[in-house]
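Shown below, as structure tokens, is a lone chain in the form predicted on its own; questions about how it binds or moves come after it.
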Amino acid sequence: MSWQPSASIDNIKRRAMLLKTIRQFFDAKDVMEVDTPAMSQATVTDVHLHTFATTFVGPGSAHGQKLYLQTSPEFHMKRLLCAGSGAIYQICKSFRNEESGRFHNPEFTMLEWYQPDYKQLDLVKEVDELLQLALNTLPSEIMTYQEVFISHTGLDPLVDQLDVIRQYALTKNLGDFVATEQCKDTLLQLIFCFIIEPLIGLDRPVAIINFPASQAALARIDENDPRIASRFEFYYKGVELANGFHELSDAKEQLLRFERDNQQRIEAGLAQQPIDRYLIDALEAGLPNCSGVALGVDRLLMLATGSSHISEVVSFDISRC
């Protein structure tokens, strides 16, 4: 056991410089920095995200109230947008109860921001600007989800049926469960992670846009093609860096998606999660037309310093905290 930080002092200094660069970037664009709670009475319903929870005992909660550590500041930030904040960003700790590994620490630093009146490609351009500034990269390549699948696998994710996707996954030996998997999106995500990700964004970042509507999460469905959603992700040198949306503003549709997530959780043998009714009420009051994105600061710092493991860029990783 060592009391020493897992990151070198040089990398801790590089983190300070990177945070300064990020703040200067948003100051120049007149985007306001905000600070929202790390705990919430509700949490994400996404079947692929696992949360930490604690119990508050105090006035009004003598028998204890369950609170969740936030997987991202998204819901609180959207409530600020609905209240009239205008363009905002936040650098904060987020928490995901997932495996600790090369790119994962249960506690990590996230940069999240929202730009009113931005569409998907407007925000893609802004993320690209930040990456060029922080990493001195070439301008990003942009490919659609459909294009990148066809290019690297020959599959068309918007057309091919489940059995075609499954057969491809079987030929790639992606796991025994593939033979019985009934969710097309699970197989697509598996193929994307293990087959496509290692092949893209090697020389310059790549933005993958227009994800399938079934993977919309909190994004709007494209008004010209209902098969796709206005969602994008950035990849660079094998690292997933950012996930962004032209944000869904329809409260009824958002509630329906949360409820659908919980149904999927039941089918997967997972506990349902409490839906954030504050967010639904805020959306009913009116979310401005906007786009938002979450970017992993630790992963960005890994790329900036040439580090091979997240423990090299956080002061104390999970094994030393």
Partner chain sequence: MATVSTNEFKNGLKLMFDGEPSTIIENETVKPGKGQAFNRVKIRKLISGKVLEKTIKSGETFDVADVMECDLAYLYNDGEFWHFMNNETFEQIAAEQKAVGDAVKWLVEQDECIITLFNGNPIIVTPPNFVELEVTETDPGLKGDTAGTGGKPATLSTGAVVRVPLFIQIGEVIKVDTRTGEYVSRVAK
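In this text the structure is predicted, and so the values were computed from the model without any measurement. Residue numbers count along the first chain shown, from 1.
Unshown form predicted in complex with the partner chain; subsequent notes refer to it.
- Stretch in contact in the predicted bound form with the partner chain, which is absent here, among 242 to 250, 222 to 230, 149 to 157, 81 to 89 (heavy atoms within 4.5 Å): Of the options given, it is 242 to 250.
- Query: Has each of 48, 98 and 174 got a heavy atom lying within 4.5 angstroms of the partner chain in the predicted bound form?
  - Reply: All of them do, each having a heavy atom within 4.5 Å of the partner.
- Hey, in the predicted bound form, is residue 193 touching the partner chain, heavy atoms inside 4.5 Å? Close contact exists here: in the predicted bound form, residue 193 approaches the partner chain to within 4.5 Å, heavy atoms only.
- Contact label in the predicted bound form: residue 181 to the partner chain, heavy atom within 4.5 Å: Answer yes; at least one heavy atom of residue 181 falls within 4.5 Å of the partner chain in the predicted bound form.
- Query: With the cut-off set at 4.5 Å between non-hydrogen atoms, does residue 217 touch the partner chain in the predicted bound form?
  - Reply: Yes.
- Item | Non-hydrogen atom contact residue 132 with the partner chain in the predicted bound form at 4.5 angstroms | No, residue 132 is distant from the partner.
- Message: Under a 4.5 angstroms heavy atom criterion, identify the one residue in 210, 140, 94, 186 near the partner chain in the predicted bound form.
- Response: Of 210, 140, 94, 186, the residue with a heavy atom within 4.5 Å of the partner chain in the predicted bound form is 186.
- The unique member of 204, 104, 125, 119 whose heavy atoms fall within 4.5 Å of the partner chain in the predicted bound form: Of 204, 104, 125, 119, the residue with a heavy atom within 4.5 Å of the partner chain in the predicted bound form is 104.
- Query: What are the residues of 106 to 122, in order along the chain, with a heavy atom within 4.5 Å of the partner chain in the predicted bound form?
  - Reply: Stretch hits: zero.
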